[in-house]
Each structure stands twice: as structure tokens, then as C-alpha cells.
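Okay, so here's just one chain, in C-alpha cells, the form predicted alone.
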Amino acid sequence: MNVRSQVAMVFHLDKCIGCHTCSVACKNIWTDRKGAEYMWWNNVETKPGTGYPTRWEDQEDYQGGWEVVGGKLRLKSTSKSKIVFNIFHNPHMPSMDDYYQPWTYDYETLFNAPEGEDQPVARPISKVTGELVQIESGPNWDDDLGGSQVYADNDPNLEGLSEEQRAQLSSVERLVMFYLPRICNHCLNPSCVASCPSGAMYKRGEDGIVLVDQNRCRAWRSCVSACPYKKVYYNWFAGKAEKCILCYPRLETGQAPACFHSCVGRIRYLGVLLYDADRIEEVALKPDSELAEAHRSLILDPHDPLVAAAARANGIDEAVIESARKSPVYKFVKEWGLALPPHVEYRTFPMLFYVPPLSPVMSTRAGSEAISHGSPSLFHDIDESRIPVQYLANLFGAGEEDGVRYALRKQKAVRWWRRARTVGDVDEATALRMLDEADCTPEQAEAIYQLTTLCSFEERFVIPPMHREEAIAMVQDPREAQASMGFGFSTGTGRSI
């Protein structure tokens, strides 16, 4: 058992209000340089929608992540034989149009135009070429209702939904949306690290944060096409790859990352997890239908004396193990089973998990009649929700509904329980029965309620102490010899330094 520590995250989508405060905080700190105009390390997407860059989830086109071929794991986008040719033409690389042409405005014309009959205007100018540009897209171009008929209808997660379910999402009287904040997932098996020919991408040994060594980067851009979440960007001005660094300078001083700290809805949780690195390849080879639960099985119980002993033997500090025992991420992911990874079928094993959102009840309208709700219950059945369970399963369960249904049932049961306790207009016996059916005890329901709604800053962010000596010990481990260096293209967790 090769126990490693990993800083991991949970985003509670039932609480996200789509205010983009996280995006602004990140943008102000990290991407205020030339060439970083379109680099939204943290962005909030409207779902259903195609996201940013456009249709990033369509791996038939982008070829990101891993695939199993002949019983072995391999990168989809590149290989030793492809890498040199891909420098000159990479058909799976997102173009500037998939992001947007960064622009500014010709303010000088606006301010200095001579007096005339017409009002002068500041025309948009490309920050790349300096020429006039016609603005056709931008970040959050399909935000809220901005592109429901153009963008949302092309959401890859609609695959497998019936025409009735698609209409359920897009018809005006039933229209529903939720927000999906995205940052780098700092995966356990990052395809960006494995694809880098120069070894510039690496995964830190002490906390699992994935970074780019700017001195090593040679602008191969293999990492951009290999990342299935498209969270590695190419700076057109600097000629380097850049990505979310999880604000590690803040973490090293005990502070939460900027986007976590600024979150208005308090949807973000951060903590450390312990996992078994020896099982990554074994789990990655499993079929899609088993991946979500297999991914969860990689996470180890920090309260288990055997796990703690193995962690100490691997050089993990006692303070980090104690942080893992208090981790809110462990509770949401492993203990309660509420949080799920995005697109686990990419086999990178993201360390960002989402609590799927509950949605309003479906509504119907016949002719000129008033809109009527499809359920008389205070809290309707999961299958009566406006967001089809299959849609959420495509996003969080590799198409399998069981994990999503489990999370939604438990959330619904906790709502019934708290309603019975505080308002009293629902029967407590019914609430207890619902908790039992959702594999939840009253004590667990209270704990979920406390951490979801009444938690303190210290309970949401359990930041482990950083130990660089752990990374030094790991890089000397012979098991790291197969790390991604040069043209190695290893199938492990990449090199750790």
C-alpha cells in the first residue's frame, strides 16, 4: 500500500448562485498579464451548456484523457510516435476561436475624436493582432439564458436523453439551469503530466498539486490537448503553458485559495485525502460502469490504524494525517457518499468532487391554461425534477445513475428531516423512514446539515501543513523512476518534486 496525501476539493452545486466572484478573484490575482486575457483558470459555466472552451466535454473531438486499449492504459491525444508531428498540426488542439479572441477597445478614437455630427465609438481591437475584430464569443457567452437554443442544445451531456427529457430542459415554462464552477482538478492520474515531452508538468509529492515548471516548458502544448477538462492554457505572448496552481503560496501559509476564500455561496470545501497510489492503474483499467465507485475506493480511511501506519512509513507527517481525519472532503466523498467526480470516464481521477444539485419540480402547461406543478408533495420525487437524472449521471457518473440517485435521495431526506425538526409541517416518522431509505441516520443528517449550512471557516477549509521534505523523499523513491520525463509517456501519477 503506497499511501500518498492529496489536497482535494468539494463544490456543493446546490448552493452555487453563479455570481462569478470566484472567477474575478482568481483573475485579479493570477491572470492579469499580457497573453492571459482568455485564461480563465476558474470559470463558472451554466448547465445545460457547452462550457468554456466550447464543447470541452466532447472527447471525440478533443481526444483528452486516457483510454484502455488491449488491456493497457494509454493517452488518447498523443504518443511517442505522434508528438513531433503534432507540433506542426494537432487536430485535437482547441483553437483561439474555441476560447475567444481577446480584445480591448480603441479608446483613443473615443476620447480624441474631433467634433462631428456622429457620436464616436470605441471599436473592438484584437489584443493578439492589433487589428479590428468582430466579437463573436467570449467567456460565459452562454451564461444563464444567453444561449439556451444555440449552446445548451449542443451540450454533450444530453446524450442518451429522450426527446421529452430534452424538451423538459429547454421549453420556456420548464426551463431550468444550474451552475458548474470549474478549476483544475489536480488529478491523481493527470494526463497533462504524462503527455509533457519536456517534463515541465509535475505533481507535487507532498500535496498532489499539479504545476508547470516555466523554465522547462518548451511550448509543445501536448498538455493542452491531453487535459480532458481543458484547464491547461497556452500563453500566446509568453510561449508557455499555464494553469490553476490551487493558490499553493496561500496554502503554504495556511490560507484558503482565493476562489475558495471569496465564494459568496460558501459552496467550496478543501481538505486532505489519503489514497493508495499503487492501485491507480488497476482502477483505471475498470469499465466505465464501475469507475465512479472504484475511484472512491482509492481514498483510504485516515482513522484506520493500518492506513495511518502506512502513511507514516511513507514519510507523511502526523499533522497531515490528523488533517485528513478532520477533512470535510473525506466526509462528503467517502463517509456520506454525497460528492461525485466530474467525468470519471476520462480516467484522470479528478480530486475535485461535486455534490449534485436538487432541482425544482417539473411543470406543465396545456394550451392557455396556467402552469401547474407535476407533484403535490412539498419535496417532490427525484424523477420529477426538471433536470433528468440521466443528465447528471452523464456529468458525474460516467452515465451510471446509481451514485447520483444515492446523493440526491440523501439530500432530499435531510431536507425532510430538518423540515420536520424546525417547521413541523411534515411528519417526523415519514422523515425518519426517508432517512433510513437513503442510508442515513438522524445523527448523520444533522452532521450534513451543520457542514452544509452552519459551518465555520475552519470547518470548510482544513488546510494541512506543507512538508517539502516529503517531496524530496518521494523523488528519491525508485518507484518514481517511471515518471513522465522526456519521451517517457508513463501511465503513473507523473513525476513528483
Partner chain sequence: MSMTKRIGVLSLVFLWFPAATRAQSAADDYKKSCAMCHTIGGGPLAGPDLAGMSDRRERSWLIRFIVDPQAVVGSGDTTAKAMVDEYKGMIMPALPGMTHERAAALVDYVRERSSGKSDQPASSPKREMNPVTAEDVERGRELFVGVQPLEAHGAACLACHDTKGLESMGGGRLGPNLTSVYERLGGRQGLESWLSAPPTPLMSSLYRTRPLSAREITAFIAFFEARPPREAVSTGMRHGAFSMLGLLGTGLLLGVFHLLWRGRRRGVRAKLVQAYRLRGVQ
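Since the model is a prediction, treat every value here as computed from it, not as a measurement. Positions refer to the first chain, counted from 1.
Form predicted in complex with its partner chain: not shown, discussed below.
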{"query": "Single option in Asn86, Asn314, Asn235, Gln390 placed near its partner chain in the predicted bound form, where near means a heavy atom within 4.5 Å", "finding": "Asn86"}
{"query": "Contacting member of Ile209, Met93, Leu75, Met177, with respect to its partner chain in the predicted bound form [4.5 Å, heavy atom]", "finding": "Met93"}
{"query": "Val150, heavy atom within 4.5 angstroms of its partner chain in the predicted bound form", "finding": "yes"}
{"query": "Partner contact for Thr50 in the predicted bound form: its partner chain, 4.5 angstroms, heavy atom", "finding": "yes"}
{"query": "Partner contact for Asn43 in the predicted bound form: its partner chain, 4.5 angstroms, heavy atom", "finding": "no"}
{"query": "Contact test in the predicted bound form: Asp98 vs its partner chain, heavy atoms, 4.5 Å", "finding": "yes"}
{"query": "Complete contact of Ser23, Thr31 and Asn140 with its partner chain in the predicted bound form (any heavy atom, 4.5 Å)", "finding": "no"}
{"query": "Partner-proximal stretch of 428-436, 454-462, 56-64, 31-39 relative to its partner chain in the predicted bound form, 4.5 angstroms, heavy atom", "finding": "56-64"}
